[in-house]
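Just the one chain here, the form predicted on its own, laid out as structure tokens.
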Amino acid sequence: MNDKNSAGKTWTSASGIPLKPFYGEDDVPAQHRERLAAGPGEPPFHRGAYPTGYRTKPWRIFQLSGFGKPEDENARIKFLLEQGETGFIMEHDRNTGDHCYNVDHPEVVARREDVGLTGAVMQSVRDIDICMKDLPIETSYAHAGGAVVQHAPFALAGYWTVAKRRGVALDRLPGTGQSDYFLTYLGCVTKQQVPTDVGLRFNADIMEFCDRYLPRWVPVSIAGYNAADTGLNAYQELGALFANAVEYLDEIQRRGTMPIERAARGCGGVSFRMSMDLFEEASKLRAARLMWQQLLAERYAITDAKVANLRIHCVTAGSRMTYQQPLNNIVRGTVMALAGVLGGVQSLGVSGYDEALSIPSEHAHQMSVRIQQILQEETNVTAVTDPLGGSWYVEALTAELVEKAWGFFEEIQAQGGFLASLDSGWLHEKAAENQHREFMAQETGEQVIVGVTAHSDDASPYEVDGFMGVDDAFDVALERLEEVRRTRHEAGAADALRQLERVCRSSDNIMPAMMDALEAEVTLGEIGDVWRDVFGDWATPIQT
């Protein structure tokens, strides 16, 4: 049957999978039809993580937040909790955090106006303590920051040190790290990242440390979101994410320091991007749960249902938010959130409608929470688990994504594995190809963006002002950095720093020394200097 309409358009999913005008039972592969005998909460889990779904476990409302000074971020987190957020995410300033620089580093001073725009400036445990003031850390699931690999040891050790000072037992502390490769090694290739193999050591050390001391903490979270926002399509996002997971599991297996089942549990909380192709995005989450169960069973002989049941956080695509007619983004955020809900997400953040202009304003953040609350409380989408299950279209699309994702996974293995595909630039080439293809589709009108490539004759193209943040983040951060240096116990800080360097030059786990360093008020930039002295810099495959 011809798959073109009368205007000659070829219909595909966002990732290029050809779409038929309608689907029947024969379009679902026989092997996948057999899987439908398993209900939600049963292997292979593509039908959902729990039998009762959202009736008994509503998804967590989990918004990314942070800007300016630590007290500014603290106030915004409290605001979101008051509005109904059910977990909180701490965002560190990327100008300092991503590079492990203090604010007096020349690279930061040169762009001082940007400091605090994308998270709060936190250079020592004192700053982290301010950010965490009066937050319900014992009862709220938290993301402590440390989105990128080399920053994670500092952010996590700082959060845990503040918790210890407050008398909270680490073995009772709930939360998650991230420590993601895709953000700075693929998406935003930046200066002075540790080499990829060193990052693997860091993340495996964090996994071991959490296994021993923080059993309720998710040590790393692979962020398919960042891979997708860089340009990878839906099945590439899946394949690359699981290729990353294999690096962790193989490294823990090589070390022999913890049971492989607990390692799989430690990296089995992941994040994906939700974009505008509603059915493909919902199917992607169903495919992800199925693939995780397959990967663990076939590669590692792990059959424990609790371990094989993938835990998924999603964030709606900030890159799909437009600065033209920004109120349209409320609709986009709702559609993308609904895709995640229909796919069975367990934790969700909705991008602010003003994200193309700035970090979210207070009102945009409130709307992001309200979108989720309306979905939870007004639509009845929480009544039935896997409401799309059994749809011939959705099941065929799920099966197709699984097949293509495993194919991309094998392409990565043929490159030498996930880290090798980053080191060589191969993964960057794949993302760039998709970026170019999408750009050309928008240029020719094949891909329509309402208010941008079509329907753009709006009388008020700028309906909202971007959030301005604060203008004193750099100055206050510099004052506080100088105060830490002036008032800390300098000999203790120097000893802790020397001990950290010694551990880095050995094969010991770095996290106990990191905890000591944060307790001794060693600063972010000083820790970054150790990374640079001991490990050197990643040889980026991108020419700038």
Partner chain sequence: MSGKRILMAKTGLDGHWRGPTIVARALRDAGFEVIMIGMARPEEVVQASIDEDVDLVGLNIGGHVDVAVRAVTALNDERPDLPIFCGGVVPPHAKRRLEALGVEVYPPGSQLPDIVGAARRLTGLD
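Residue numbers count along the first chain shown, from 1. Since the structure is predicted, the reported quantities are computational estimates derived from the model, not experimental observations.
In what follows, reference is made to the form predicted in complex with its partner chain, a form of this protein that is not presented.
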Candidate site Arg265, Ser271 and Asp304: all three near its partner chain in the predicted complex by heavy atom within 4.5 Å
no
Can you pick out, from His363, Arg370, Arg112, Arg216, the residue that has a heavy atom within 4.5 Å of its partner chain in the predicted complex?
Arg112
Only one of Asn309, Gln376, Thr86, Thr118 comes within 4.5 Å of its partner chain in the predicted complex by heavy atoms, so just point that one out.
Thr118
Counting only non-hydrogen atoms, the one stretch of 449-457, 380-388, 171-179, 251-259 within 4.5 angstroms of its partner chain in the predicted complex is 449-457
Give a yes or no for Asp229: in the predicted complex, does one of its heavy atoms lie within 4.5 Å of a heavy atom belonging to its partner chain?
yes
Does Phe408 reach its partner chain in the predicted complex if we count a contact as any heavy atom within 4.5 Å?
no
Would Tyr141 sit within 4.5 Å of its partner chain in the predicted complex, counting heavy atoms only?
no
Using 4.5 Å between non-hydrogen atoms, is Glu298 touching its partner chain in the predicted complex?
no
Of the residues spanning 41-61, the ones with some heavy atom within 4.5 Å of its partner chain in the predicted complex are none
